[in-house]
Every structure is written in structure tokens, then in C-alpha cells.
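First come two forms of one protein chain, each written alone as C-alpha cells, so that there is a structure 1 and a structure 2.
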Structure 1
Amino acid sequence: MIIFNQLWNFFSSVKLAIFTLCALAGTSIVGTIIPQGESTSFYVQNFGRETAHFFQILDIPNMYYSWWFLGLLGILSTNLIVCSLDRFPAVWKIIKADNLAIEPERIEKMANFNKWEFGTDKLNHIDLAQLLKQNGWHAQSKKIDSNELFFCQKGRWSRTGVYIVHLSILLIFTGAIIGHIWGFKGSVMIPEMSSTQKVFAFKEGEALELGFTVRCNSFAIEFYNNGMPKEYKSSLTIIEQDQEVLTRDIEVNSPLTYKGITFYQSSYQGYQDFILSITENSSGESKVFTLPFQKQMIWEGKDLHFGIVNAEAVGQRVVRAKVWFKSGDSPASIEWLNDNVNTTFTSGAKEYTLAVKQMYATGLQVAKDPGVWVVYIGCGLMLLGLYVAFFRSHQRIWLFKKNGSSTPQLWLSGSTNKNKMAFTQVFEKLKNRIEHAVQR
């Protein structure tokens, strides 16, 4: 029991909180100077074998997930929990307190206090509760013998502000832990018109089953005039049991979520292959082909032969391609087509619409994080709690009408738990109003 008490006192102290916060801030600097998550050989090369070994022992290459850093976070959490359990009951008592049960002597001793004495009993003609109400204070009152006590308060719930902030930190930690246990982070490259059921985890590179299929229908990049990429865009389709369930375009900053798994556009890769779509204008039939460079292909049943014979690129990006196209026995036509622009070909008696584009793979980042909403709720609560803790205060006003002695008296007192200067102004204003009303 003694040990329990000692532990309790240790973990409820604010000294420990300040120590832990200093330790977290101080040690965090290390990981911003020493690059994180590199291979062992990187550290040996840059810091020497001995230092690298020392790093390994202290988990410096991954310090934000090391036992000692997580330990500090654990101490912080324990500290927060114990400290709150230790203090909150007292705060709850103040919030729920019956402030009319106060001893009149205590009213006299408050920082803000004023006392009026009256020769006559004109006090009795004034409705004090009404007067307080006119000044924005809703009063409860109680008769004590021949005296009467009024009490008003504002913002008593603001006392919970710091506890909301502290709770929010615990919530954020909880969300992070949930994400760590039940979530994953990975990535995958899907060539256009291909699909995948697996992605590859960041950490070990192991394959993770999605439980459904994702297909990349197409990928496109837009450029600014100066050649900088403006937007990457992929059209994705989710397939479950051979059924297409959902098709959507994603862009950087605008991901797709399905069954808790989110696909983020993150990179791309250009191929030497091409994608050619052919539409037979008379029948409206159309088909899409993946064409390796300089290789002939056939649309079976239509007797169409075609291939890409040449291409022109700016950097890695193909801007136009030379298409060779032949229908049946009629002579072949060869033409330069701009990337991804529809062009009409006439071959034999028929017209066809062709569009050719370079083939890409879309690079997706894939994440499942069931804890993120807990983290966001924590963040919201933190801002709310900070606002309440800093800008709201618990203000209390007592007004005591004392008839007992020969000269009737009126006592006014007030207290606040913070921002005393502002409250003094509020108090002075109320005092003047009351004085004005009573003297009239």
C-alpha cells in the first residue's frame, strides 16, 4: 500500500510531467539530425563502425519507435492518467458545489469585495435577483434567518478544459496504437489495364492481401506550360467476385477508400508499351490493346493488323506515336498520332477511330488505418479543450443581504479561477450598477 501511494504520488506530480516533456523534446532532436530508417551500412559509412554499433544498441536508426522513446510516451500517458484521476474529483466537486452553503465570513475575504451600509430599510424595496439578472447574472438564492444570499456563476464547465486537453492527448495515442495494430501501410504499382489483389508493406516488403481486386483503367498526367507536372490522375475500379463494384478517379490529395483501405495517388512510371484503342465507326464496336513497341498485333475476327513503328518523346514522356494500320487486303496506312487524341483512319471501305497513348503504371500508396478517426477526434477535442482552458473562466458572484444588525448591509463579492484582471473590471462594473440602483 505504501508502495502504491508512492507510485501514485510519483505519477501524479507535475514535476514528472515537466521532466518527461523536456526529455521528449530533447531526445526528439536526435532523430532530426541523424537520418532515420537507413540501412546499417549507411550508418557505418557515415558515422564509423563503433558509433553505428552504439546507434544499433539504442535503436537510434528508428528512434521514434525505440523502446526508450515509447517508454517516455508511456510515462507521459501514465502521468496524464494518474494526474487527472488525482485532481479531477476535486474539480468535479467545485463544479457541482452548492455555493449557497458558503459561510458569510468567506464572502468578506474574497479578492473582490464590496460592502454597503444603509441607514434605512430601503433595500427591501429592491428586487436584487432582478437587478442581477439585468446585468447578465442569473441568481440562485437562499434565506438564512432574516438574511438573504444570492449566488450566480458563469463558465463552471470551463474547469474541465485542461482535462479535455489531457484526455485528447491520450486519445491521439490510442488512435495511433489502433492504427499500428490493426492497420498497415504499403504501396503498389499497377500498369494500366492490369489489376492486383495484393500490395506490398513498407516495413518488410511482404505481400498483403487486399481481399478484393483493384484495376487501374487508365493513368494520365497533366503538365504546366513550363513542363512541371500539374496533376496525376488514375481511374480505379474495385472488383469483388468478378463484379465491378466501384469506379472512381483519384488524384494526389483526393484518394479512394474502399472497405477501410485507402488508395493514394503517389507516383507513376512510364513504359515503352502503348495503349491503342480502336473503334469501328460503322458498328460502334471498340477494343483496347496493349502494344509493345514495334510489334504487330491483330484484332481477330475483324482482320485488322496494326503496330507502333516509331515514337517521339520529351524526356520520359511520349508526345506522339507513328501508327501502322491495315484492314484486310487494303493497303496499310501510316500516320503520326498525338498522344491520346482521337484520329479517324479510313481503310478499305470502313472508317475507324484510333487513339494511342503511352502506357503507364500508376504508383499507389495504400493504407488502412482504423485509428485515424480516433486521432482526429482527439485533435478536435484538443483544440476545443485549449480554447476552453485559455479563454473561458469560472466566475462566481455572491450577494449577501444582511438585515440582522441595526444597519442593513449589502455585501458583494466575486472570484474567478483565471484572468483576474478582466474579472476585476467585470466586478467593478457590476458594483457600480448595484450602487446606482440602490442609491436611487
Structure 2
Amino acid sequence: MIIFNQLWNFFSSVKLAIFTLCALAGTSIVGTIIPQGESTSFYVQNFGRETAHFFQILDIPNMYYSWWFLGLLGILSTNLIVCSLDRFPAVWKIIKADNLAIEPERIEKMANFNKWEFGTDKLNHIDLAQLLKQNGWHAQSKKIDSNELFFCQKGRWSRTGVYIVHLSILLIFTGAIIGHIWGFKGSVMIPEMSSTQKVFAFKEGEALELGFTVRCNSFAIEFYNNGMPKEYKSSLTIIEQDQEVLTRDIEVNSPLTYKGITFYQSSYQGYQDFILSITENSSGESKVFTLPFQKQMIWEGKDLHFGIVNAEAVGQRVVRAKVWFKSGDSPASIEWLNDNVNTTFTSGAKEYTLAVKQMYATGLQVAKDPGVWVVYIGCGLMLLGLYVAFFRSHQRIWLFKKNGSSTPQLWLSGSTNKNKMAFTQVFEKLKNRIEHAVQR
């Protein structure tokens, strides 16, 4: 029992909480300064072999998942739980206390106290409960012999503010644990007109099943005049059980979320292949082809032959392509086509509209975090708890009508658990109004 009490006192200590918070803050700074998740050679090259070995021993490259950092979080969590269990019963007792059971002598000894004496019975014509209500205080009352005691309070639940903060921190930790165990972070490259059911985890590189198919319908990119990318976006379709259930364009800071899995536009990759769309103008029939560079392809049912024979690029961006096009036994047509611009070809007796563009793969970051809503709730509770703890106070007012003497008296007293200067102003304001009402 002695050992249990010692452990209980240790984990309920405020000093332990301060030490743990300082340790977490200091180590978090280290984790911010030292790059995380890099290879061993990176740390050897930048910090030296001995320092890199020391980093590996303490798991600095993966600090936020290291045993000692998680241990600090565990100590802080235990401290919050034990501290709350140790102190909250006393707070709850104050919240639920019968404040009308107070002894009149205690009222007289409070720091905020005022007493009036009356030579005649001036108090009988005044409704003290109504007077308090008019000044924003809803009173309870109790008869004590020939005397009467009124009590009113505001903000009694403000005493729970610190415990709301404790609960919010534990919820944030719980959400992070849920996300770490049942969530993942990965990436995938999907070429245009292709699809995948897997992504690849960042750390291990293992394939993770999505449980559905995601297809990249198209990828569009705009460039500045100097060839630097300006903005880019992808058109994605979610397919489940051979049914298209969702199609949406995504771009940077505008992700797509389906079944708790979020797809973020993060990068792209240009290929030497091309996407060629051909429309027969007379029938309106069209088809899209993935066309390797300098390789002939055929639209079987239409006896069309075509290919990309040359391309002009600025950096890695193809700005136009030279298309070779032939229908049946008609002579071939060769023409330069600007990137993704419709151009009309006449071959034989028919007209065709062609558009060619460089083929890209969209780079997606993929994240699943089932604990994110727990974290959001925890953050909301933390804001509420901080507001209650710092900007609200438990204010109590007692008004004692003493008739048991030749000179009737009226006692006013009050107390607050914090922000005593502000409460003094509230008390003085109420005192002046009561004094004015009684002496009229």
C-alpha cells in the first residue's frame, strides 16, 4: 500500500507534468532541426559517423515513433489521468455543494463583505430575490429562524476547465494512436487512362490495398512562359464493383476523399508516350489511343494508320508533335499539332479531328487516418477548456437578511476562485445597487 501511495503521489505531481512537457518541447525542437526519415548515409554525410551512430541508438531519424518519445507521451498521459482522478472529486464536491448550508459567521469573514444596519424595518417592502434577479443573479433562499439567506452563483462549471483540457490532450493522443495503428500514408503514380487498386507505403514501400479502384481519366498542366509548372490537376474516378461511383477533379489543396481515404495532388511525371484522340466528323465516332513515340498504330475498324514521328519540347514539356496520318490507301498526311489543340485532317473522302497531348502520370499522396475526427474533437475540447479555464470564473454571492435583533441588518458577501480584481468590481456594483434600493 505504501508503494502504491508513493506511485500515486509521483504520477499526480505537477512537477512531473512540468518536467514531461519541457522534455517533450525540447525533444520536438530536436526532431524539427534534424531531418526525419532519411537514410543512414545521409546522417553519416551530414553529421559524421559517430554522431550518426548515436542517432541510430536513440532512433533520432524516427524520433516521433521512438520508444523514449512514446514513453514520455505515456508518462504525460498517466500523469493527466492520475492528477485528474486525484483532484477532480474535491472540485466536484465544490460544484455540487449546498451553499445555503453555510454558517453566517463564515459570510462575515469573507474578503468581499458589506453590512448595512437599519433603525427601522425598511427591508420588509423589498423583494431581495427579485432585486438580485434584476442585477443578473438568480437566487436560492433559505429560512434560518427569523432570518433569511439568499445564495446565487455564476460559472460553477468553470472549475472543470482544466479537466476538459486534460481530456482533450488524452483524446488527441488517442486519435493519433488510432491513426498510427489503423491508418497509413503512401503514394502512387497513375498514368493517364490507367487505374490502380494499390498504393505504396512511404516507409516500408509495401503495397497497400485500397479496397476499390481509382482511375486517372486525364491530367492537365499549365506552364509559365519560362517553362516552370504553374498549376496542374487530375480527373479521378472511383470504381467499385465495376461501377463508377465518383468522378472529381483534384488539384493542390483540393483533395478527394472516399471511404476515409484522401488523395492529394502532389506531383506528376511526363512520359515519351502520347495520347491521341481521333473523331470521325461525319459519324461523330471517336476513340482515344495511347501512342508510343515513333510507333505506328491502327484503328482496326476504320482502317486508319497513324503515329508520332517527331516532337518539339521545351525542357521536359512537349509543346507540339508531328503526326503522320493515313486512311486506307489514301496518301499519308503529316502535320505539326500544337499540344492538345484540335486539328482537322482530310484523308480519302472523310474528315477527322485530331488532338494530341503528351502523356503524364499523376503523382498522388494517399492518406487514411481514422483517428482524425478524434483529434479534431480533442482540439475543439482543448479550445473550450482553455476558454473556460482562463476566461471564466466561479462567482458566488450570499445575501443574509438578519432580523433577529433590535436593529435589522443586511449582509452581502461574495467570493471567486480566480480573477479577484474583476470580481471586486462586480461586487461593488451589486453593493451600490442594493444600497440604493434599500435606502430609497
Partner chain sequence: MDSSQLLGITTFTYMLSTVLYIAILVFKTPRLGGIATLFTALAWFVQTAGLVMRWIESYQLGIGHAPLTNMYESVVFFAWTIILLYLLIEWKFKTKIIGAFAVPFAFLAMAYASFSTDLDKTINPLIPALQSNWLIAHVVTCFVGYASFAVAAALGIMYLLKNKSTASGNASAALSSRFPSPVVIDDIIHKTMVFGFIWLSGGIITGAVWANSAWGTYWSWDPKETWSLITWFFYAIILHSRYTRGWSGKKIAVLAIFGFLSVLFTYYGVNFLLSGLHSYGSS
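For residue numbers, the reference is structure 1: its sequence is counted from 1. We call the rigid core whatever largest set of C-alpha positions still superposes within 1.5 Å between the two forms. These figures come from a predicted structure and were not determined experimentally.
The chain as displayed in structure 1 is taken from the form predicted in complex with its partner chain. Comparing the forms between structure 1 and structure 2 on their rigid core, the Cα displacement of Thr344 reaches 2 Å or more.
Once both forms are overlaid on the rigid core, the distance between the two CA positions of Pro35 between structure 1 and structure 2 is 2 angstroms or more.
Relative to the superposed core, Trp373 undergoes a Cα shift smaller than 2 Å between structure 1 and structure 2. With both forms fitted on their core, the C-alpha atom of Gly48 sits 2.6 Å from where it sits in the other form; this compares the forms between structure 1 and structure 2.
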